[in-house]
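Just the one chain here, laid out as structure tokens, in the form predicted alone.
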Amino acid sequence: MWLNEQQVIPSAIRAYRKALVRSTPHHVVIDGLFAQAQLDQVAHVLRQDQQWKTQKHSYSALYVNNATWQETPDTERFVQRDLWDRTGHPADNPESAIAQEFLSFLRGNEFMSLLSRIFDVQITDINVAKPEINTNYFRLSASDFVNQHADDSPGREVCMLLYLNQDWQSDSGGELVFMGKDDKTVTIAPLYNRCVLFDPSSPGSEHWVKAVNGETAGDYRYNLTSWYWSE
């Protein structure tokens, strides 16, 4: 239901694996990995305002409260964005059920098996205490930011970014930027149904997000982020 089958045939998997090993950082960009009709329904849910809450991280602490945030110097702040509140039961908002379903799919055997094939490593949640908190939707406005940081941690093999920005324009900002190597950064536009998979322990994988151009009130950059571990 969720995958675009033409993007996961054996020849496509081989191409992804080649792209990974030849790039710095080790990453692959896959456009159209997911079935667009289903993804359109998810994007519709995300444009509703009622299930979003602000998330703030500093370099020294995650999930910083407002009081601590006000005392944190700008140079120590690395994330300010909105997090989709997945705790609401679908009965409260039946439309949100498909967004919840997609999050569950991304932590299911079918999708993690696909990642295992691409990265040639066994991806599993067997040792992950709370898998569900490692896959969710986020949005950025012009006043938000994701500054330079690394996503590596022991056993973490794959980071996935999926962009959910319909009709995104070239001057909208919000590009992902990898540090790369030899002062040659890698910049990736957040186009709709574009999936970026990367190895967070590979050289040059530190990254940040360019500012969103918020000339229109209510403009947001939407994405899904998911982290995966090996055994």
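Residue indices: 1-based, along the sequence shown. Since we're looking at a predicted model, the values are computed, not measured.
The form predicted in complex with a small molecule exists for this protein as well; it is not shown, and the discussion that follows is about that form.
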The one option of Glu76, Glu101, Asp151, Asp125 with any heavy atom within 4.5 Å of the small molecule in the predicted bound form is Asp151
Determine whether any heavy atom of Val212 comes within 4.5 Å of a heavy atom of the small molecule in the predicted bound form, and answer yes or no. no
Just checking whether Ser230 would be counted as a contact of the small molecule in the predicted bound form - the rule being heavy atoms within 4.5 angstroms. no
Contact between Leu197 and the small molecule in the predicted bound form at 4.5 Å, heavy atoms? no
So in the predicted bound form, is the small molecule close enough to Val158 to count as touching (4.5 Å, heavy atoms)? no
Please identify, from 67 to 75, 93 to 101, 141 to 149, 117 to 125, the stretch that has a heavy atom within 4.5 Å of the small molecule in the predicted bound form. 141 to 149
